[in-house]
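Single chain ahead, written as structure tokens, the form predicted alone.
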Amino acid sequence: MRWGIAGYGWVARDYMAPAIRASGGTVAAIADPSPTSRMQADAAGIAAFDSVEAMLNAGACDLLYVATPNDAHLAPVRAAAAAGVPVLCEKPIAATLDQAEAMAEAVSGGALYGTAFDQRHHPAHRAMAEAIAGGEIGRPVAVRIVYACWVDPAWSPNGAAHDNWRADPARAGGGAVIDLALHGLDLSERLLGEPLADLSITLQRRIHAYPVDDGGMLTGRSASGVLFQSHVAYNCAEVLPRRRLEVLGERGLLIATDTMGQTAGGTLARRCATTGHDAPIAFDGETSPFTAQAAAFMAAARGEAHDFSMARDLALMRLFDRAYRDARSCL
């Protein structure tokens, strides 16, 4: 399948484009207003357009991946839906709930839409979901997440010149929390097989001198009463332990270390609640969550069963938006 990419920045270029190829797809075209991005695509043998509309009108792609800044998701999703092209859009759905609602309306006619919650596709997290569903830790009690990194005001990937729009409240819709926390929220729903019912957020602007939050603590519970806790941050040094996922159950604890993120690998183990002994759980350590996600979306576009759902993702965005607005009023 031929993919088009809207917004050829570092995530699309360094992670999603290789993942598309690894999953058997082709990066056929990109659309980006930046001449530099278009030159990079052209150098890689990829057709480059200055707008999504031009790319779609040229019939250059079968699928669209949207990786623009958060406040620029709506237009390409609308254009893809109007053209009948399935669209996978980066998280969060949009910078604001109003924009997310408009996107839901745009795809309400039946267009295939997916939010790029790549963590639900990580092989280790799939193995965790299977272990939970199989009763290996008994009834789940709590989900605990640490997902942090370092993003200062001048941050740029690989030291390259970069527009750090993630620290711009208008373009990003917030800071560390809107960028990182939704991954864990969606993942908890995937692991537990049920939605979150309540959510509270406490923000901090502790280290970095920019107008958005650089950290946050989220707490909540699922529909059946499983507790949820997540610490996300832009103020944690990369060399420190910063990616950990635990699911506590009545008969054991699942521990995933260094699985959350863009790359493959990490470790997964089950700790027995009786003996305290750890037993590793095998999973595919070579496939990245981006690659697994691209493969899943292509399968969905071919008509195979899938779990992409705008209705589910919009419900989570509504829950998140209420808590995030309350938290920002106290920051």
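Predicted model, so just to flag it, every value in this text is computed and none were measured. Numbering starts at 1 and runs along the sequence shown.
One more form of this protein, predicted in complex with a small molecule, exists but is not displayed; see below.
- Within 4.5 Å of any heavy atom of the small molecule in the predicted complex lies no heavy atom of residue 213.
- Although the partner is absent from this view, residue 73 contacts the small molecule in the predicted complex, with a non-hydrogen atom inside 4.5 angstroms.
- Contact check for residue 33: a heavy atom falls within 4.5 Å of the small molecule in the predicted complex.
- The closest non-hydrogen atom of residue 182 lies beyond 4.5 Å of the small molecule in the predicted complex.
- Stretch-level contact analysis of 89-97, 235-243, 248-256, 200-208 against the small molecule in the predicted complex, using heavy atoms and a 4.5 Å limit, identifies 89-97.
- Looking at the small molecule in the predicted complex, residues 18, 114 and 297 place no heavy atom within 4.5 Å of it.
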